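Given as structure tokens, the chain that follows is alone and in the form predicted on its own.
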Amino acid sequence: MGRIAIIGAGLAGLAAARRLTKAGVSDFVVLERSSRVGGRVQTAACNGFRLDAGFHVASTAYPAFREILPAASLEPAWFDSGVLLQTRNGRVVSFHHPLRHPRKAWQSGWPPFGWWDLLQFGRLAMEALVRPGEGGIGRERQSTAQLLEQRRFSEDFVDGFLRPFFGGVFLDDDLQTSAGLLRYYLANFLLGRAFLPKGGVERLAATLRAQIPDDRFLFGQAVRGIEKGADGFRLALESGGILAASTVILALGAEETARILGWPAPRMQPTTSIYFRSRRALYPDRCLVLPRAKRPLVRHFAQVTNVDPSLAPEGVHLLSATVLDDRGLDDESLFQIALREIGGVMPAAAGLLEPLQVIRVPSALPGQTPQHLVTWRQRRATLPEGLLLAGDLAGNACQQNALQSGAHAAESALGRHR
């Protein structure tokens, strides 16, 4: 077996390296530009707090959290299956799964929306459960916005629940993301339980990293280009060196993948996490809060210590507010506007929340409109034999695809050398 080169030590690259390790392969190397693993899956330590770069939630419905990275190994901290949302008259009510949380649903005066919307949502949920999963996403021709308009959901339901919730999932307030992804995520939310890995999202990468020998990693090694030859591949390193490999697993983010392959640069979507601390809880529930506003700064927020107390020092709470467009504002302005908007939902916020940290992720996800997904699928078909793709452009941009595409690429590499 010739050498296998894995480019990138994010979740996809780590999943590939883990699979090769489990198969007893020793002649592989993981090339990573930075000095650490995880890619965009990072957690920063700040004065006893654990701050994720972006709002990350895992789900037990993802097969990868059974087959590759068992949820139990992550000490999951569970969310409730529901949200708190702001109604048109400004009240905050709960919208919980009535089968999983019947008491909360009953106490909230469920349902908070009209029956037409709930019936249409139920229909959409049933379709999501019976349609193909990841495989069907790339063939979807409708955007989420087009589907919602076609199904005649009310403005109240779209602006009160669907846009703040799924807009935050997609990082796309206009809901131009493929309707296939709406169905995919909806099925996963219905079938699985959402959780945070204890101590922060970097626990995903750290757990995989612990299963791979140290000497398989080359940190500080960025790849400038890949050249296919008669006897394999030559990787041109930015340091000036050349690394030969018989098989290459390209497991980078969308921008770097496109650059190396000479594909057009993908449109990237940013996100910003604004963190606040408080001595008292703003609310008791283990769920997201969805503000109701046209084009708000804060798309949703969550007091994450209700879910995982280890994210803050004992006796202190941590609140994470997700912003899709920071409008070029400085940190102080972001804190002020975010606090005002959160206070518009929960008035106690003004006297409780203290600014802590702003974390910007300028290239969090690639655009995932129907046309984007079709284009990437067509381009994947042009890759030379032995160059295997994992990560965002190997399917869709989510934890499940990152882990599964990495493992599948490793399986393909093993198959080439058996």
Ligand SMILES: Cc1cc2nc3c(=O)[nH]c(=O)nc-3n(C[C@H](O)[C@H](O)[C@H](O)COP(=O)(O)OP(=O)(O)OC[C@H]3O[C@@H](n4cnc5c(N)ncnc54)[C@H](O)[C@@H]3O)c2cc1C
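Residues carry their position along the shown sequence, with the first being 1. Just so you know, these numbers come straight off a predicted model, no measurement behind them.
The protein also exists as the form predicted in complex with this ligand; that form is not presented, and the subsequent description refers to it.
You can rule out all but one of 115 to 123, 277 to 285, 255 to 263, 67 to 75: in the predicted bound form, only 255 to 263 has residues with a heavy atom within 4.5 Å of this ligand.
This ligand in the predicted bound form is not approached by Pro370, whose heavy atoms all lie more than 4.5 angstroms from it. The closest non-hydrogen atom of Arg379 lies beyond 4.5 Å of this ligand in the predicted bound form. Contact check for Leu20: no non-hydrogen atom falls within 4.5 Å of this ligand in the predicted bound form. With a 4.5 Å cutoff on heavy atoms, Ala222 counts as touching this ligand in the predicted bound form. Residues Ile7, Gly8, Ala9, Gly10, Leu11, Ala12, Gly13 are the members of 5 to 22 with a non-hydrogen atom no more than 4.5 angstroms from this ligand in the predicted bound form.
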